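Below you will find one chain, with nothing else, as structure tokens; this is the form predicted alone, and questions on how it binds or moves follow later.
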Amino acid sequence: MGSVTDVAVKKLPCLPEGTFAQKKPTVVFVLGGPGSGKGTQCAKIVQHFGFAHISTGDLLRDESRSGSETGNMIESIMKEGKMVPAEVTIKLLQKAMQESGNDKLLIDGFPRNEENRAAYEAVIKIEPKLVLFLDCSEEEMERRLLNRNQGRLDDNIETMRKRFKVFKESTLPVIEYYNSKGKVRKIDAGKPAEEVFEDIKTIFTSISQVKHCFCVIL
């Protein structure tokens, strides 16, 4: 019997030939723990460098509020601070990428685990140009999450700490995988937001000068 990842991937159709994957988009993954500032920094990158911002967390939260059967399942999983199954996340991500109308995409909060990564590579097949890792201490992330008070269902202390644990156990191995391929650009995200963005600007200025910076996984 195949692994959970194998089963998830088999359920998903690959992007059709001649469509989005062949338009040679530049894809950047943005990873960091909950409260590391991914949304804040992505907004600045969009403004300065013309990327479209796709937050998988927002996609999942929007679906969870839809009242659909899938949305109810997502809400239950998020309350536990756990990972949503890859087939659900990939389906939402695939649709958002195709509808973005942009050939430069920031994919925020993805891939969160090895299952996500394997499903993305099998289905969407667009290798990221780089992985931006916003590195921040757990203490600082917790302080930020408690202060932002956005009424999100996943922003209470108990769930927060579950999310930190999941990040360390599931997402850090993904970062290590991409680091082994020379893709990771690590930023000290514990600094004030403007200082963090100054570091990010250096990275994005260099990649924006490179034409056709993508690779399709065959």
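Note that the structure is predicted; figures quoted are calculated from it, not measured. The numbering used is simple: start at 1 and walk along the sequence shown.
Missing here is the form predicted together with a small molecule; even so, the following discussion is about that form.
is_contact(G57, the small molecule) in the predicted complex, heavy atom dist at most 4.5 Å = Yes.
Taking heavy atoms only, is A122 within 4.5 angstroms of the small molecule in the predicted complex?
-> Taking the distances in the predicted complex, the answer for A122 is no, it never comes within 4.5 Å of the small molecule.
Within a 4.5 Å heavy atom cut-off, is R112 in contact with the small molecule in the predicted complex?
-> Contact with the small molecule, yes.
Taking 4.5 angstroms as the cut-off for heavy atoms, does G71 touch the small molecule in the predicted complex?
-> Contact with the small molecule, no.
Using a 4.5 Å heavy atom cut-off, which stretch among 171-179, 45-53, 185-193, 30-38 contacts the small molecule in the predicted complex?
-> Going through the listed ranges, the match is 30-38.
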